[in-house]
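The chain that follows stands alone, in the form predicted alone, written as structure tokens.
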Amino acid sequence: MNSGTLYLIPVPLAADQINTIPEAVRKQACSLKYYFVENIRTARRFLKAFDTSVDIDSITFSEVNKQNQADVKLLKEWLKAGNEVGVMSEAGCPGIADPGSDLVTAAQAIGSKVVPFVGPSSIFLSLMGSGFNGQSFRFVGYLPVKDPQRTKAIKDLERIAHQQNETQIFIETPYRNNALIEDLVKHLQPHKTKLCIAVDVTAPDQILVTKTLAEWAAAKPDIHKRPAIFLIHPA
């Protein structure tokens, strides 16, 4: 086994909610000198919030996001040299609906130790608060943007939810949240299916509400540009 270690560092879901990250995780995060991060500015801010005395300028960062693929060669160099390397996303847990899995795959392939840390996941927190089946659930990421694929995907998820008593979990680009709610109200069964909408989970102004589609149709929320998780389940 290579002597390097890859640490998966969770960060808060909502701004200023540092208390959602365990103290042991914060200490480990601030001790690392090599990082793959989704956004360097965000990562620097979180590390300073974890410990104001951390020497940010001594840390080397490499970005991993839609514009920058993971530099797997660099990761292997760092790990083979025996370094402790961190992975950090902009919110929540790296590798869960966020970049990081390619780096973990590379670390596993060369026999390095991989250490995931406990932290907030909007997906799991939303499931916990939904009242839906937590024994059988499926996260499907983003739905198609355009019809007819979008409508088909919505109806397929509802069919699977009813056939298998399985919670279906998905997300949307925040500026399309309200349009998604309109589509769900339009295409899901109003009295036989429930929808949970979880918005800004862990923030003081979070929304985490479960209703039938008929109830949502009567009072649709305005969650434009707010990070949200959507879950459906048989009523």
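All values derive from a computational prediction rather than experimental measurement. One-based numbering along the sequence shown.
Below: the form predicted in complex with a further copy of the same chain, not depicted.
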* Candidate site Thr105, Phe132 and Arg138: all three near a further copy of the same chain in the model of the complex by heavy atom within 4.5 Å -> yes
* **Partner-proximal stretch of 179-187, 200-208, 62-70, 37-45 relative to a further copy of the same chain in the model of the complex, 4.5 angstroms, heavy atom** => 200-208
* With the cut-off set at 4.5 Å between non-hydrogen atoms, does Leu8 touch a further copy of the same chain in the model of the complex? -> yes
* Asked: Applying a 4.5 Å heavy atom distance criterion, does Gly86 contact a further copy of the same chain in the model of the complex?
  -> no
* Asked: Is there a heavy atom of Gln164 lying 4.5 Å or less from a heavy atom of a further copy of the same chain in the model of the complex?
  -> yes
* Applying a 4.5 Å heavy atom distance criterion, does Met128 contact a further copy of the same chain in the model of the complex? -> yes
* Residue by residue through 34-58, tell me which have a non-hydrogen atom within 4.5 angstroms of a further copy of the same chain in the model of the complex. => none
